[in-house]
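Taking the form predicted alone, here's one chain by itself in C-alpha coordinates.
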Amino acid sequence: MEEDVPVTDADIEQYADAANAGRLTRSDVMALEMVGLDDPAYTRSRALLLMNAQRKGDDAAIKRYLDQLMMLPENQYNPIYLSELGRYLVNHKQYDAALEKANLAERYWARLPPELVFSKKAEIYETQAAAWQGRFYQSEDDLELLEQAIRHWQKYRDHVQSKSRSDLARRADAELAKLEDIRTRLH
(Lines give C-alpha, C1' and ligand atoms only; values in the text may rest on other atoms or scores of the structure.)
Protein backbone atom coordinates (compact mmCIF):
# COMPACT_ATOMS: atom_id res chain seq x y z
CA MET A 1 0.00 0.00 0.00
CA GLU A 2 1.42 3.34 -0.96
CA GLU A 3 1.73 6.01 1.69
CA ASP A 4 -0.15 8.76 -0.15
CA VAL A 5 -3.02 6.64 -1.41
CA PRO A 6 -5.81 6.25 1.16
CA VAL A 7 -6.69 2.69 2.00
CA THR A 8 -10.26 1.75 1.14
CA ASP A 9 -12.66 -0.29 3.24
CA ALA A 10 -12.40 -3.05 0.63
CA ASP A 11 -8.62 -3.11 1.10
CA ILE A 12 -9.09 -3.63 4.84
CA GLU A 13 -12.11 -5.93 4.81
CA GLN A 14 -10.27 -8.60 2.84
CA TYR A 15 -8.46 -9.33 6.11
CA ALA A 16 -11.55 -9.54 8.35
CA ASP A 17 -12.21 -13.28 8.20
CA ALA A 18 -8.57 -14.19 8.77
CA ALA A 19 -8.31 -11.71 11.68
CA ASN A 20 -11.46 -13.12 13.25
CA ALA A 21 -9.92 -16.58 13.10
CA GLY A 22 -6.50 -15.42 14.33
CA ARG A 23 -4.95 -16.42 11.01
CA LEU A 24 -3.44 -13.21 9.64
CA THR A 25 -0.13 -13.97 7.98
CA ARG A 26 3.01 -11.97 8.67
CA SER A 27 2.52 -10.11 5.38
CA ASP A 28 -1.15 -9.42 6.25
CA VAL A 29 -0.05 -7.94 9.58
CA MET A 30 2.59 -5.83 7.85
CA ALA A 31 0.06 -4.55 5.31
CA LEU A 32 -2.38 -3.57 8.05
CA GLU A 33 0.36 -1.98 10.15
CA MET A 34 1.34 0.18 7.17
CA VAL A 35 -2.01 1.99 7.35
CA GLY A 36 -1.05 5.43 8.67
CA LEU A 37 -2.56 7.25 11.62
CA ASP A 38 -4.06 9.91 9.33
CA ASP A 39 -5.67 7.33 7.03
CA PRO A 40 -9.47 6.92 7.40
CA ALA A 41 -8.95 3.14 7.58
CA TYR A 42 -6.51 3.37 10.53
CA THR A 43 -9.03 2.43 13.23
CA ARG A 44 -10.39 -0.53 11.27
CA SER A 45 -6.88 -1.77 10.52
CA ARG A 46 -5.95 -1.67 14.20
CA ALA A 47 -9.25 -3.28 15.21
CA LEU A 48 -8.49 -6.21 12.89
CA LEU A 49 -4.94 -6.45 14.19
CA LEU A 50 -6.30 -6.41 17.76
CA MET A 51 -8.83 -9.12 16.96
CA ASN A 52 -6.14 -11.29 15.41
CA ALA A 53 -3.83 -10.81 18.41
CA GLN A 54 -6.66 -11.66 20.82
CA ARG A 55 -7.48 -14.86 18.93
CA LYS A 56 -3.81 -15.85 19.01
CA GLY A 57 -3.41 -14.91 22.67
CA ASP A 58 -0.51 -12.58 21.84
CA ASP A 59 -0.53 -10.37 24.93
CA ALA A 60 2.19 -7.96 23.78
CA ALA A 61 0.44 -7.40 20.46
CA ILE A 62 -2.92 -6.89 22.18
CA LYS A 63 -1.46 -4.10 24.30
CA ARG A 64 0.35 -2.55 21.33
CA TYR A 65 -2.81 -2.41 19.19
CA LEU A 66 -4.93 -1.11 22.07
CA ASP A 67 -2.37 1.67 22.57
CA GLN A 68 -2.41 2.41 18.85
CA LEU A 69 -6.21 2.55 18.80
CA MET A 70 -6.16 5.01 21.70
CA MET A 71 -3.87 7.36 19.77
CA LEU A 72 -6.93 8.71 17.93
CA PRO A 73 -9.03 11.05 20.09
CA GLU A 74 -12.33 9.62 18.82
CA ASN A 75 -11.30 6.13 19.97
CA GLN A 76 -10.65 7.41 23.49
CA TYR A 77 -14.45 7.69 23.85
CA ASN A 78 -15.38 4.59 21.90
CA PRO A 79 -17.02 2.11 24.30
CA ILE A 80 -15.88 -0.86 22.21
CA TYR A 81 -12.18 -0.03 22.56
CA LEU A 82 -12.55 1.28 26.10
CA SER A 83 -14.12 -1.98 27.22
CA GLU A 84 -11.39 -3.98 25.47
CA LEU A 85 -8.74 -1.87 27.20
CA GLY A 86 -10.53 -2.21 30.55
CA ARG A 87 -10.61 -5.98 30.20
CA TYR A 88 -6.90 -6.04 29.31
CA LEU A 89 -6.06 -3.87 32.33
CA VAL A 90 -8.10 -5.92 34.80
CA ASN A 91 -6.43 -9.09 33.50
CA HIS A 92 -3.08 -7.43 34.26
CA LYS A 93 -4.10 -6.39 37.78
CA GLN A 94 -4.22 -2.68 36.94
CA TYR A 95 -7.53 -2.33 38.73
CA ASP A 96 -7.78 1.45 39.08
CA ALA A 97 -7.03 2.02 35.40
CA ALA A 98 -9.39 -0.82 34.41
CA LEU A 99 -12.18 0.71 36.46
CA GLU A 100 -11.56 4.12 34.91
CA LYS A 101 -11.78 2.71 31.36
CA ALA A 102 -14.83 0.57 32.14
CA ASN A 103 -16.63 3.52 33.74
CA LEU A 104 -15.85 5.67 30.71
CA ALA A 105 -17.09 2.90 28.40
CA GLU A 106 -20.30 2.70 30.42
CA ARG A 107 -20.77 6.45 30.13
CA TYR A 108 -20.59 6.18 26.32
CA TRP A 109 -22.44 2.88 25.84
CA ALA A 110 -25.17 4.64 23.81
CA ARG A 111 -22.63 4.90 20.96
CA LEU A 112 -22.63 1.12 20.57
CA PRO A 113 -24.26 -0.45 17.52
CA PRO A 114 -27.49 -2.16 18.65
CA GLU A 115 -26.14 -5.66 17.98
CA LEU A 116 -23.25 -5.06 20.42
CA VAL A 117 -25.11 -3.39 23.29
CA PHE A 118 -25.77 -6.53 25.33
CA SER A 119 -22.32 -8.13 24.93
CA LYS A 120 -20.32 -4.95 25.44
CA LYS A 121 -22.37 -3.87 28.45
CA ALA A 122 -21.79 -7.35 29.91
CA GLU A 123 -18.07 -6.93 29.30
CA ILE A 124 -18.09 -3.47 30.89
CA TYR A 125 -20.00 -4.67 33.96
CA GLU A 126 -17.78 -7.72 34.33
CA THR A 127 -14.66 -5.55 34.15
CA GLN A 128 -16.06 -3.19 36.78
CA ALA A 129 -16.91 -6.09 39.08
CA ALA A 130 -13.54 -7.77 38.61
CA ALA A 131 -11.71 -4.47 39.17
CA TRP A 132 -13.56 -3.83 42.45
CA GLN A 133 -12.89 -7.42 43.48
CA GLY A 134 -9.20 -7.05 42.62
CA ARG A 135 -8.98 -3.81 44.58
CA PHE A 136 -10.59 -5.56 47.55
CA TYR A 137 -8.16 -8.49 47.37
CA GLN A 138 -5.25 -6.05 47.26
CA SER A 139 -6.57 -4.21 50.32
CA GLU A 140 -7.10 -7.50 52.16
CA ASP A 141 -9.95 -6.23 54.34
CA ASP A 142 -11.48 -2.95 53.08
CA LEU A 143 -15.19 -3.62 53.53
CA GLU A 144 -16.28 -0.75 51.27
CA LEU A 145 -14.32 -2.27 48.38
CA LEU A 146 -15.90 -5.64 49.17
CA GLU A 147 -19.38 -4.10 49.07
CA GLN A 148 -18.60 -2.40 45.73
CA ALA A 149 -17.42 -5.73 44.30
CA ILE A 150 -20.61 -7.46 45.45
CA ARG A 151 -22.82 -4.67 44.05
CA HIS A 152 -21.07 -4.79 40.69
CA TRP A 153 -21.23 -8.58 40.39
CA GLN A 154 -24.96 -8.31 41.14
CA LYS A 155 -25.29 -5.66 38.42
CA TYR A 156 -23.46 -7.93 35.98
CA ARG A 157 -25.64 -10.91 36.96
CA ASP A 158 -28.84 -8.89 36.52
CA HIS A 159 -27.71 -7.77 33.08
CA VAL A 160 -26.78 -11.24 31.80
CA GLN A 161 -29.96 -12.77 33.23
CA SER A 162 -31.97 -10.26 31.17
CA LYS A 163 -30.98 -12.30 28.10
CA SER A 164 -31.15 -15.67 29.85
CA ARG A 165 -27.38 -16.16 29.70
CA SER A 166 -27.20 -18.75 32.47
CA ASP A 167 -23.57 -19.52 31.63
CA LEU A 168 -22.57 -15.94 32.42
CA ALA A 169 -24.91 -15.76 35.41
CA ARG A 170 -23.19 -18.84 36.88
CA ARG A 171 -19.88 -16.99 36.77
CA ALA A 172 -21.40 -14.06 38.63
CA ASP A 173 -23.01 -16.41 41.16
CA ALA A 174 -19.66 -18.11 41.80
CA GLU A 175 -17.89 -14.80 42.39
CA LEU A 176 -20.75 -13.57 44.58
CA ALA A 177 -20.64 -16.74 46.68
CA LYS A 178 -16.90 -16.23 47.31
CA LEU A 179 -17.35 -12.56 48.20
CA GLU A 180 -20.38 -13.13 50.42
CA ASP A 181 -18.47 -15.86 52.27
CA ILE A 182 -15.63 -13.39 52.84
CA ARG A 183 -18.13 -10.75 54.02
CA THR A 184 -19.59 -13.24 56.53
CA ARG A 185 -16.13 -14.06 57.89
CA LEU A 186 -15.10 -10.38 58.15
CA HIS A 187 -18.21 -9.29 60.03
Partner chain sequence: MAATFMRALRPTGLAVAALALVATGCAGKRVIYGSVVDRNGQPMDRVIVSLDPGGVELVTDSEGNFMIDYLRDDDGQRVKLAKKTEYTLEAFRTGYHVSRIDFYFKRGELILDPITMQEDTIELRPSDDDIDPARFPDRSHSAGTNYEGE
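Not measured: the values here are computed from a predicted model. Numbering follows the first chain given and starts at 1.
Separately, the form predicted in complex with the partner chain exists; it is not shown, and the next lines address it.
- When the partner chain is considered in the predicted bound form, only one residue from 170, 23, 163, 178 comes within 4.5 Å through any heavy atom, namely 178.
- Although the partner is absent here, residue 141 lies within 4.5 Å of the partner chain in the predicted bound form, judged by heavy atoms.
- Mapping the unseen interface onto this chain, residue 136 counts among the residues with a heavy atom inside 4.5 Å of the partner chain in the predicted bound form.
- Although the partner is absent here, residue 123 lies within 4.5 Å of the partner chain in the predicted bound form, judged by heavy atoms.
- Using a 4.5 angstroms limit between non-hydrogen atoms, residue 97 is distant from the partner chain in the predicted bound form.
- Looking at 52-69, the residues that come within 4.5 Å of the partner chain in the predicted bound form, counting any heavy atom, are 54, 55.
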